[in-house]
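For reference, the chain that follows is the form predicted alone, supplied as structure tokens.
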């Protein structure tokens, strides 16, 4: 035990399952629950949609709400949940000295403008001139401001008065992995005492789905549990809308303010494995060893996406190492892109805090785990690139 231990003292979660850590623990502990999906709006693709949210609860000013795109509103709202959960939101001194590390995407596009440019290009060959015309007449300057990736951090600063240092990472699942890894390293080194870290993703927008489909990653047809999509039509990934934010503190800082923690982050490893020449599976095994997990049976909160190559390699790891008992939570929430790894870490912390393993989310592919977990492994193997693993233990 060290004063520089990295403790999780606040959790904010939003997904199709609801909002807050308690709602997610209850929903994911219900083995008989039906999936919450929408297979009609974006057919032939299925999504896991957002629940009804009263934005006023965390973003009281309507003007603040209006100037944010939905993904930023979602992130700001979820960050507020984490601050509330940690008992920090209404403490001006703690918020003012709090650092932030954010995982963000590139924002949403203006579909009407995109469609207009494509339609006009069918009858014109001077496309460079056409694009300049559209840039000056159709696109609103405020649209660009609303889409800046670092404005999620900016909006959190404005709404929740978190005004310490700020970093924003971009790069899908890799952004979420790098954010958690960086935040934990800052606390261990003494550069920060308390940090707000996380991300959000809103999939209910055609261009968000297009990003997946351009790489042929999206599952088509009837919904199936994640591990059962191998060989099914399409690429295997079903996306969802949601956010995950954590408050991380040094042990010394948390104890001085009398705050109990959900769990401790013992180790984090990350990599960008070459997914060819048979190296993928071997390197995943090396990562699982490097994180120095216990030899006993270990519950795994897997951020598997369902994408065939990545998820097939991860499933192979669990087939070979029977001490690892996975729970692929995207079966219940959908794939959350930048928020995927923070979500995995949050769910792992809840299992330790509640002294119980989640029941199998897919009984055909996952086995029960008995007893209170001493350690839990959180993983995310990116649907296209980047991998991360975090080992959590009791605080």
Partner chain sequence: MARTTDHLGRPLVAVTGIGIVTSLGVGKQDNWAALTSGRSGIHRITRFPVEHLNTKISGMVDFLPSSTKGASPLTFELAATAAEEAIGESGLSIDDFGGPLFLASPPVELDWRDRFDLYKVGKGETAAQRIAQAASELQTLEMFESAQFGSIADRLADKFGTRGLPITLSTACASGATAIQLGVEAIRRGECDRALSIGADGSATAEALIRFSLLSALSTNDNPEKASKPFSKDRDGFVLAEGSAALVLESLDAAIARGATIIGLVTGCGERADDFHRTRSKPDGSPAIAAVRAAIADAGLGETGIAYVNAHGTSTPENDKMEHLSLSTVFGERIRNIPVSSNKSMIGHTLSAAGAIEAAFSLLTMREGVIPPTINYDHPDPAIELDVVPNVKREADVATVLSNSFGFGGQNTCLVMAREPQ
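Positions refer to the first chain, counted from 1. Nothing here was measured: the structure is a model prediction, and the numbers come from that model. Superpose the two forms; the largest set of C-alphas matching within 1.5 Å is the rigid core.
Keep in mind that the form predicted in complex with its partner chain is not shown, yet the notes after this line are about it.
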Contact label in the model of the complex: residue 157 to its partner chain, heavy atom within 4.5 Å: yes
Residue 89, heavy atom within 4.5 angstroms of its partner chain in the model of the complex: no
Its partner chain contact at residue 387 in the model of the complex, heavy atom, 4.5 Å: yes
Any non-hydrogen atom of residue 271 within 4.5 angstroms of its partner chain in the model of the complex: yes
Which of 306-314, 235-243, 170-178, 256-264 sits within 4.5 Å of its partner chain in the model of the complex, heavy atom basis: 170-178
Output flag, 296, 370 and 395 jointly within 4.5 Å of its partner chain in the model of the complex, heavy atom basis: no
131, 279, 323, 222 - the one with a heavy atom within 4.5 Å of its partner chain in the model of the complex: 131
Residue among 64, 362, 69, 38 with a heavy atom within 4.5 Å of its partner chain in the model of the complex: 64
Residues within stretch 306-329 having a non-hydrogen atom within 4.5 Å of its partner chain in the model of the complex: none
Post core alignment: residue 189 C-alpha displaced by 2 Å or more between the shown form and the other one: no
Rigid-core frame, C-alpha of residue 222, shift of 2 angstroms or more between the shown form and the other one: no
Exceeds or equals 2 Å, Cα of residue 134 between the shown form and the other one, core fit: yes
